[in-house]
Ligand SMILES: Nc1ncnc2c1ncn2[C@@H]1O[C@H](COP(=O)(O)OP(=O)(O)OP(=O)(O)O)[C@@H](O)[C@H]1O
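Next up is one chain by itself, shown in structure tokens, the form predicted alone.
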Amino acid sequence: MHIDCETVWSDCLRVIKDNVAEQSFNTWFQPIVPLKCADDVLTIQVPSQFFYEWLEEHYVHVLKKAIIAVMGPKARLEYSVIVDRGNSKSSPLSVSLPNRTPSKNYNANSGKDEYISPFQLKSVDSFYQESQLNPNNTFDSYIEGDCNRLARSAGYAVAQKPGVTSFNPLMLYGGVGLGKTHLVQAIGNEIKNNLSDRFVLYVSSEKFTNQFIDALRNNKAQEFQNFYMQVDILIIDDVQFLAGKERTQEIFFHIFNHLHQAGKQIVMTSDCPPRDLKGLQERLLSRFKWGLTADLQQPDYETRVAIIQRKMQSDGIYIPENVIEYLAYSVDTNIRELEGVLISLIAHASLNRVDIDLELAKQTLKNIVHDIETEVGIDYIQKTVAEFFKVEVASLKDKIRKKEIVIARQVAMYFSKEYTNHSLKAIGYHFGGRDHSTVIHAVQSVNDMMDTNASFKASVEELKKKLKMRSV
């Protein structure tokens, strides 16, 4: 007897919906297409071999319950599995597969197969069962500035609707210490707070690789893959370290594909944009570019000030405004180094039982912040140049326009640009709060005078020797 398969499947879906979570229903049952129903056999079409295997391993008992409830105790299930989706010139190719025989967990009394998945969370290392997120890394504690506005906005959009926006995957890239990990963990924490039923997992690429190696060693590679395919939001840090690891890239490729096709959210970080990643398979790189790529840059002065203020506020510590400004101008590399300076400053003040002031800040920076390839700092440059030109150091920072002072100031700015890694804006700050254009003009003026005045050039060369001796 022929029965309308769409009606039968529609009735089955109502039973299934009562027995699985909404997300699982949408992912694993909505895509199924009923093909035919005859002689107590319902044939359903599924989109891939993997899809078929996943249903059989995780939802076979639900399917059986549904078709028995709708079609009677003799009902059986068959699959039509699409193995080639075809193209404009060829039709899709599918193969028919039967429902597997009941497992050893078949209960003869109830007439049901009490299926137990070969992969259980409790059978895996406890690491897997936690999201691995630092609860302190939130959007509230993440300072927004021009340097990270796009990345933060995209991250917040993803956190509100994971897997729904076009930002999937979301790739954040930038140098060391710019807040990538904080931001991606803020995404994870926001999702966990608002959508507690979602499985969020943060993992570094190094940890992912080590887990995979352990799984191979213990013949649990399939369990490893099955686990990661259950994740709703996968956050993987520093994907550049997957370079050269072919088998790890292979497994990650399959996990990525499955999660993306299932509408799950993927968030990644890297030290460079996808186009510059080396040692990764082209098919992986192409997928990294599917969503949104956003960079995090070095924090600007205003953002650094805000970071210091937030840090001090959270620690309940007062720092004078002039110290905050000095630190923000002096440490312009990355957020991690800035936070390290703050911790050291607080430690010095606490251990020595002194108040935090500008002098203590300068002493602390001398012990921590080293200029590129040299220990020459702006303070030492100013002192050396002032002694050479026989002027006061303070005059280099004043608004005095006497010729000898102007020349000495310009030379000091020139060497500050030459021998330190400070930004032009930071250099200007150390010379009485002048702007970056003044520093540019000073450097250009010194270069021009060296080209036209041999005596001046000799003076600069002599000063250069003094400063080089300091750096030896």
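If you're wondering where the values come from, they're calculated on a predicted model, not measured in any experiment. When you see a residue number, it is the position in the sequence shown, counting from 1.
Keep in mind the form predicted in complex with this ligand is missing from the figure; the text below concerns it.
- Taken together, the three residues 137, 143 and 335 all come within 4.5 Å of this ligand in the predicted bound form, as judged by their closest heavy atom.
- 307 is the sole member of 77, 307, 235, 319 with a non-hydrogen atom lying within 4.5 angstroms of this ligand in the predicted bound form.
- Just one of 258, 348, 220, 182 comes within 4.5 Å of this ligand in the predicted bound form, counting any heavy atom, and that one is 182.
- The stretch that touches this ligand in the predicted bound form, counting heavy atoms within 4.5 Å, is 335-343, out of 391-399, 335-343, 247-255, 355-363.
- Not displayed here, this ligand is approached by residue 175 to within 4.5 Å at the level of heavy atoms in the predicted bound form.
- In the predicted bound form, this ligand stays beyond 4.5 Å of every heavy atom belonging to residue 287.
- Proximity of residue 148 to this ligand in the predicted bound form: non-hydrogen atoms within 4.5 Å are present.
- Under a 4.5 angstroms non-hydrogen atom cutoff, this ligand in the predicted bound form has residue 311 among its neighbouring residues.
- Compared with the form shown, the residue 203-residue 58 C-alpha separation decreases in the predicted bound form, the change being 3 Å or greater.
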